[in-house]
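The chain below stands alone and is given as structure tokens, in the form predicted alone.
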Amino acid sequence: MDLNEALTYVEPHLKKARFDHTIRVVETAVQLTGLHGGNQKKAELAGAFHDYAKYRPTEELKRWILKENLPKDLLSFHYELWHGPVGSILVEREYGITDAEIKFAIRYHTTGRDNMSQLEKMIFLADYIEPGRNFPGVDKVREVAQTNLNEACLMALQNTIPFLMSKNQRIYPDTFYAYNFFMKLHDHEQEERGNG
């Protein structure tokens, strides 16, 4: 499946503003693959489908979580987190996308997780820094993303976790695992520099 075909499938499922966001995420993910390496075709497909399930009714999302091999604890958290994991199932069921890397990038684009792949990092970050995003700290993350993917992901999480806390929202455990994963990489990089 090429990008145009993917976008044709996705567009009817999204509101206009969300489809525009999706185009920008694809473009940003492609830029990141240009800077940091990676498979551009996979980045295009994961970017195109990352919000595919965003506007499915919450009852439908809930049914998929209960029916499929997805963590049931998702149901204890805000339904905004459900579209990634459910989307990763729907793209296989409805469009035959079985590539595990693409499915994981869709699944974890909102929460992050421990041991993220290069593609997962790119979609997570592209969703956060695409040009339509405008909130405190995003420009700094964009700048760092040009040279250091891991550091940019860490900064995004360092912005997101306190923001969610300030809103008195529960934070999904995978987000903390992602933070610790990138913090470990950060510490290792600092040590390497110190020994260099």
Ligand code: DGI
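Nothing here was measured: the structure is a model prediction, and the numbers come from that model. From 1 onward, residues are counted along the sequence shown.
The form predicted in complex with the ligand exists for this protein as well; it is not shown, and the discussion that follows is about that form.
- Of the stretches 148 to 156, 127 to 135, 57 to 65, 40 to 48, only 127 to 135 has residues with a heavy atom within 4.5 Å of the ligand in the predicted bound form.
- Using a 4.5 angstroms limit between non-hydrogen atoms, Q169 touches the ligand in the predicted bound form.
- Interface membership of E80, defined by any non-hydrogen atom within 4.5 Å of the ligand in the predicted bound form, is confirmed.
- The closest heavy atom approach of R18 to the ligand in the predicted bound form falls within 4.5 Å.
- Within 4.5 Å of some heavy atom of the ligand in the predicted bound form lies at least one heavy atom of T160.
- Residues T110, L164 and T175 are all found to lie within 4.5 Å of the ligand in the predicted bound form, as judged by heavy atom distances.
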